[in-house]
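The chain below stands alone, shown as structure tokens; this is the form predicted alone.
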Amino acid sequence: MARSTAGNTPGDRAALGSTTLVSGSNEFVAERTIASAVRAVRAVDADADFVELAAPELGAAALVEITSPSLFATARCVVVRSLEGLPAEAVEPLVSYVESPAPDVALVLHHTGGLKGKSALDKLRKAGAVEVKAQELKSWEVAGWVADEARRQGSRIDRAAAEALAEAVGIDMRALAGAVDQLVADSAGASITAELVRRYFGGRAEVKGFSVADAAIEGKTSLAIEQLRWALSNRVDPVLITSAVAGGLRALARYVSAPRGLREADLAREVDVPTWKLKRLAAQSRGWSQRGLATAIVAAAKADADVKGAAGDRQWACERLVISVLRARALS
């Protein structure tokens, strides 16, 4: 059968004769990596085979079968999932294959995390598998990942816009990728700005929860009550409000108790927030004592339980939380 030449670039060709090792439980990264491998192989050969199986099914005979030339296609993409379940007798044959792969096969192996199968992972890395880490983003990594995602889609996003998007959408990579995709499509080739991000995502319920939290923690009584009333009147789920307040207080507590003298990046890791949020935490911390912060955190825990069913009036639970936080700060 004739091979398609569509998309036959050096980068596409490099997908064949290679092994990609996806390690980690992040389903979004794993599926994107697999889809990318399939696209690359089919760019070389539109009629390429796609084979998928679970590692427990991968005996030595099965490995030979799936990596051998097909009668009906020249190229092949083979995906092996749940690598942690690879039978012991299949480890060495797989390692040997990775050391000397078939030239017309792209092999993708996915290990979903944990200690099981770790020795096989180490052997596969040494054998030449190219590893892709499928891990959840840390808070301080989100803005950088957003910038990388915009570049991957042929656009640019400035730092303030990336940080605004991270604050609005959170750290879910699938949601972030979708948001970047929408912004790239609507920016018409221009750099994505914070103003554009606010236009599209400034009204999200999660953002309003954070607005309430920040105003309360900063002791801005009128603004906190105003934001809370707005959120409740627009049917923002009280859980989003209490979780935002609790999260803000926990971050502040970690910031206050963090070792002094750390570099900005190290401090962000210690506190588990993006670097851009450190400045706000520094400003917020000046109005709090350890005792006041502890009191507010206890109030947040009670409010969280109340809005999840421990109390009858969920909106009053939110109001009581905001008032408690404002009072705890005033007493600090």
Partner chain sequence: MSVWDDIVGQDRLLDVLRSAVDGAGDALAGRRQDTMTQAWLFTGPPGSGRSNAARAFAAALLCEQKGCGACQACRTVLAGTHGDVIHILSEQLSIGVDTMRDLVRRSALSPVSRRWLVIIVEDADRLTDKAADALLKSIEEPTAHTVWVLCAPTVEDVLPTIRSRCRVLVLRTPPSDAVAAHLVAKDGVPESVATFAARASQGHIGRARALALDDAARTRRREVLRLPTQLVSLGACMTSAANVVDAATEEATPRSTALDAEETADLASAFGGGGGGRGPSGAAYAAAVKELQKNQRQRAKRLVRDSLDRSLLDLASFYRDVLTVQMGGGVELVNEEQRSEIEAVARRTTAEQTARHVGAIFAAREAVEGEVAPILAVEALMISLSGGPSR
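Quick caveat, the model's predicted, so the values are computed rather than measured. Residue numbers count along the first chain shown, from 1. Under this definition, the rigid core comprises the largest set of C-alpha atoms superposing within 1.5 Å between the forms.
The following text describes the form predicted together with its partner chain, which does not appear among the structures shown.
Visitor: Name the stretch, out of 120-128, 160-168, 97-105, 253-261, where some heavy atom lies within 4.5 Å of its partner chain in the model of the complex.
Guide: Looking at the other structure, the answer is 253-261.
Visitor: Here the chain is shown alone; which of Ala62, Ala35, Ala265, Ala305 has a heavy atom within 4.5 Å of its partner chain in the model of the complex?
Guide: Checked against the cut-off, the match is Ala305.
Visitor: So which of Leu281, Ile297, Ala55, Ala30 reaches within 4.5 angstroms of its partner chain in the model of the complex, heavy atom to heavy atom?
Guide: Only one option qualifies, and that one is Ile297.
Visitor: Determine whether any heavy atom of Ala246 comes within 4.5 Å of a heavy atom of its partner chain in the model of the complex, and answer yes or no.
Guide: Because a heavy atom of Ala246 falls inside 4.5 Å of its partner chain in the model of the complex, the answer is yes.
Visitor: Hey, in the model of the complex, is Ser285 touching its partner chain, heavy atoms inside 4.5 Å?
Guide: No, Ser285 is distant from the partner.
Visitor: Quick one: does Ser68 come within 4.5 Å of its partner chain in the model of the complex, counting heavy atoms only?
Guide: No, Ser68 sits far enough from its partner chain in the model of the complex that none of its heavy atoms falls within 4.5 Å.
Visitor: My question is simply whether Leu293 lines the interface with its partner chain in the model of the complex - judged by any non-hydrogen atom within 4.5 Å.
Guide: The answer is yes: Leu293 has a heavy atom within 4.5 Å of its partner chain.
Visitor: Determine whether the C-alpha of Gln182 shifts by 2 Å or more between this form and the one not shown once the rigid core is superposed.
Guide: The answer is no; the displacement is under 2 Å.
Visitor: Does Ala90 shift between this form and the one not shown by 2 angstroms or more at the C-alpha, the core having been superposed?
Guide: Superposed on the core, Ala90 moves its C-alpha less than 2 Å between this form and the one not shown.
Visitor: Is Lys133 one of the residues whose C-alpha moves 2 Å or more between this form and the one not shown after the core fit?
Guide: Result for Lys133: no, shift under 2 Å.
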